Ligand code: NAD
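The chain that follows stands alone, in the form predicted on its own, written as structure tokens.
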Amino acid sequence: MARDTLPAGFVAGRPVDSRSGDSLDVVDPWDGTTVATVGVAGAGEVDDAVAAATAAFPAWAATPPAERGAALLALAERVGQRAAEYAEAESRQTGKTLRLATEFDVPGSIDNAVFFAGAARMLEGLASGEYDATHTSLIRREPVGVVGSIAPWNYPLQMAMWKVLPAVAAGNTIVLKPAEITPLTTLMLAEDARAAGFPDGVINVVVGRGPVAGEALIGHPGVGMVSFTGSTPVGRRVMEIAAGRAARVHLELGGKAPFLVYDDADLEAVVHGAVAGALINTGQDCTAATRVYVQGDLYGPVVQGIADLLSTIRMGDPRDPDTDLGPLVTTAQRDRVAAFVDRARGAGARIVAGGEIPGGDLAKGAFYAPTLVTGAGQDSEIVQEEVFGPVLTVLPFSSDAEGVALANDTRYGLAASVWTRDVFRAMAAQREIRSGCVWVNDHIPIVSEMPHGGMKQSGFGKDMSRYSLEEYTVAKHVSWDITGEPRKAWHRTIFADRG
């Protein structure tokens, strides 16, 4: 392997090379240049990582919560010291704007680490007590063991943090596989975890392809829990493999977020919210606004307002502070998005704005113009399927009940938003919409203290917040005899009445 090739992972606190000598290039989607070359791990490296995590688990699980929290605080400090470096690497490997990486990805990840440093000391359970006359019951919250996690390419640093932080805060050890096309910040995180004082083997990283390293990790008999973030079809494959050994599974899958606009909503807020919610991370966000439903006479002004605002969006170099929209993560992803729009156009939908791969200087990158689609049917592909790009569809509705029904009319249930000045309408909609998160008069904001996760085919389990700690722990009931009697009353069910 070439000397300048980055490692294929970090195992037991040390960088590891690819046994096969295989490597891949990390490509900047802005201009197609190679950012770095990384080694590629296979099943053998996964075995080593799981072995290291298994060896480290007993001592880490027994580490007092305050010490685990201190390591997490030290990690937050390390990432903060390298914040500019993290943001630059994140932008180069994904194509997201440096502004987004600097103002959202990196500070959000640091805040997550600080939150879980405190949450590690706040594991809660049912109060101990006597629930019958002869025993005291205790509840222990214990870690699951070795966690095998797979993170996606759209938010590599944040998703790595969402996997690692609650797992290790609760006393688990972890083997994390980042998406092979965006591994750079995850490798940096592994370096910083060791520097922050995490014992060797607590946090391990393997960089490998999904069908090889990913499936080896999911199916490994030493992994007690699998956590995956990605598409719903791949999530079903994860469940299938994990079911073969009855492993615990945590899934955050696709989304098709509705953006429900009632006829009393603030037009300016709706237009800006829809465009921002649709274009964040170039639309490569499972909670991005994708289906705008507008009631009554407000439909025309909303469509026009969105089209006008989209025309002002500046595409370009993600490192340029004036750039609003960077490229998609790969040209393959760009072509996938373009194909969705082309099929919608062919089926009779109207492309109000965008709908094309830009030329000129942008042709060298994986760009797709921000796109507005109208006239698509509720059952059409572009309304029902996750496009994962800068594409927004707008559809009309009449009654409040119809709007909620349309919002729920998809297999996904990750996020949604409701736009109205009427508190009673908002309360009814947030109660009736089937999704893991409902925003009112906003779309996208998240905080470390609140859970993130879906329902229906958007998966199950929570990231962030104290609720995620429950995902990575097992409740153990301890029943303690308080009578001291050698013969218990219930023994009569076995021995009859023998005195």
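Fair warning: this is a prediction, and the values are worked out from it, not measured in the lab. We number the residues from 1 along the sequence you see.
The next section is about a form of this same protein that is not shown, the form predicted in complex with this ligand.
Judged by heavy atoms within 4.5 Å of this ligand in the predicted bound form, the contact stretch among the candidates 208 to 216, 184 to 192, 307 to 315, 128 to 136 is 208 to 216.
Contact annotation for T393: none of its heavy atoms lies within 4.5 Å of this ligand in the predicted bound form.
Contact annotation for P178: at least one heavy atom lies within 4.5 Å of this ligand in the predicted bound form. Mapping the unseen interface onto this chain, C286 counts among the residues with a heavy atom inside 4.5 Å of this ligand in the predicted bound form. Although the partner is absent here, Y368 sits far enough away that none of its heavy atoms falls within 4.5 Å of this ligand in the predicted bound form.
Note on contacts: among D400, E88, D263, E386, the single residue with a heavy atom within 4.5 Å of this ligand in the predicted bound form is E386. Proximity to this ligand in the predicted bound form, defined as a heavy atom within 4.5 Å, holds among L372, V168, L253, A274 only for L253. Taking this ligand as it sits in the predicted bound form, the stretch 139 to 160 comes within 4.5 angstroms of it through a non-hydrogen atom at I150, A151, P152, W153, N154, M159.
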